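A lone chain, given as structure tokens: the form predicted on its own.
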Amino acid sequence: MKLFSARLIKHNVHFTRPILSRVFYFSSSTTITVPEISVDYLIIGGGVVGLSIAERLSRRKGKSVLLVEKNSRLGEETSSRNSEVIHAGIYYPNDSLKTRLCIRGKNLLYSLLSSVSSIPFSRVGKWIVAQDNEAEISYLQNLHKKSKEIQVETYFLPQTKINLIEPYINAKEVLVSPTTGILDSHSLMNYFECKLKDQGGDIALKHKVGNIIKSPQGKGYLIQIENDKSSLFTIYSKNVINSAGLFSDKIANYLLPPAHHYKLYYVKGHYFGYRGVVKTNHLIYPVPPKNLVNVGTHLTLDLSGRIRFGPDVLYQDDPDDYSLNDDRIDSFADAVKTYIPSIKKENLYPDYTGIRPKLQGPGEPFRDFIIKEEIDHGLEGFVNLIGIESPGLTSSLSIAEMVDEILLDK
């Protein structure tokens, strides 16, 4: 028990009685005897979505919840390296999980943010801008029509008001999304962490999942864990929720047959800050690419009003490579000048990068979230969340709600 905090003794996480009477083997040929800890729900991954799921499940009376995170802090990867935007939910196909969960998540999120004072946010609104281009203007008209179909508010801004409201912005047409906002994602994660612990759940940092097998007894799973001292031990969990973000395909593939393995692509996005005098009151987005690989190199604001631009799209092989590439500055300046002509390249500076776990490879069409219990493969209680990129932050509460429903009565 020294591997975890004393909270595991105080709450519902406990040493198992010998639920196995023999030695068993992981595929790596590591031999394990008896699991040292038993829980009802094991959540893998301490990003905003994993934390939201763990918080939700920890509301269940008499159930034990443990979240394991391989890093030394929560939310170190995709959750803390993004635009921190509360999306409206208008970009994706009407019947997609991304649309449904984004709209539901946005409503749940604003309700939460309005009820607590510990999570800074601002409903700044977003402008989606089209230049004097027939295809872009047509896209905005279709997007406005689509938003009506899914009952999300948007409206066109009269041409005469564009430069009065945002004098730095160049646009032929502007579609306004008034329910788009920004928030402090770290404060949101801290809220989930505090609620989870208050409700009896536990978190183990610097604990990495090395393998998973089905329990030889039939129900539940045996999870091989390695801590920061390279010590190996085993956890038994009745249910496993894979919310491992960039590494979720690898976690899923421990249990899935090879013919049904998942494959993620790693897409780095650069963000650039700006030193010059450019001020806006809204988020500014260009018309996105047709395959929605991203929503365009856009202008976002943080809660202090600081401007940043990004992200771009760079497919790469390494999920840990957050290096900044100064060579991207030319393409950034060209992209941004389409809607802010006064931008000076020399005033842009590299700020940070993020990496998104994408199911769509280069040039491939739109792919939706995958959130499913792998019951078709005989894996009851094993829930995979694959390709949870944008709008994952906005959808964090609704994703947790969905997982809660999947695991009803389990």
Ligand SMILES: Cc1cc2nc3c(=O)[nH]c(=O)nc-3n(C[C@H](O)[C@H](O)[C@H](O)COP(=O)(O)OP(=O)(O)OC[C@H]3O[C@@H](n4cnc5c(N)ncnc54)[C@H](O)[C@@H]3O)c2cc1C
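The numbering used is simple: start at 1 and walk along the sequence shown. Bear in mind that the values here come from a model prediction, so they are computed numbers and not experimental data.
From this point on, the text means the form predicted together with the ligand, which you will not see here.
Student: Just to confirm, with a 4.5 Å cut-off on non-hydrogen atoms, which of Y91, Y265, Y236, F247 contacts the ligand in the predicted bound form?
Tutor: Answer to the contact question: F247.
Student: Just to be sure I understand the contacts: of V68, I343, I37, L57, which is the one whose heavy atoms reach within 4.5 angstroms of the ligand in the predicted bound form?
Tutor: Only one listed residue qualifies here, and that residue is V68.
Student: Verify the contact flag for G201: yes if a non-hydrogen atom of it lies within 4.5 Å of a non-hydrogen atom of the ligand in the predicted bound form, no if not.
Tutor: Heavy-atom contact with the ligand at 4.5 Å: absent for G201.
Student: Would V383 show up as a contact with the ligand in the predicted bound form if we use heavy atoms at 4.5 Å?
Tutor: Looking in the predicted bound form, residue contacts with the ligand do not include V383, since no heavy atom lies within 4.5 Å.
Student: Wondering, does K106 line up within 4.5 Å of the ligand in the predicted bound form on heavy atoms?
Tutor: Output for K106 is no: heavy atoms all beyond 4.5 Å of the ligand.
Student: Is there any non-hydrogen atom of F309 lying within 4.5 Å of the ligand in the predicted bound form?
Tutor: Outside the cut-off, so no.
Student: Just to confirm the contact call: exactly one of 255-263, 152-160, 124-132, 202-210 touches the ligand in the predicted bound form at a 4.5 Å heavy atom cutoff, so which is it?
Tutor: Partner-contacting stretch among the options: 202-210.
Student: Who in 374-410 is close to the ligand in the predicted bound form, meaning a heavy atom within 4.5 Å?
Tutor: Result: I388, E389, S390, P391, G392, L393, T394.
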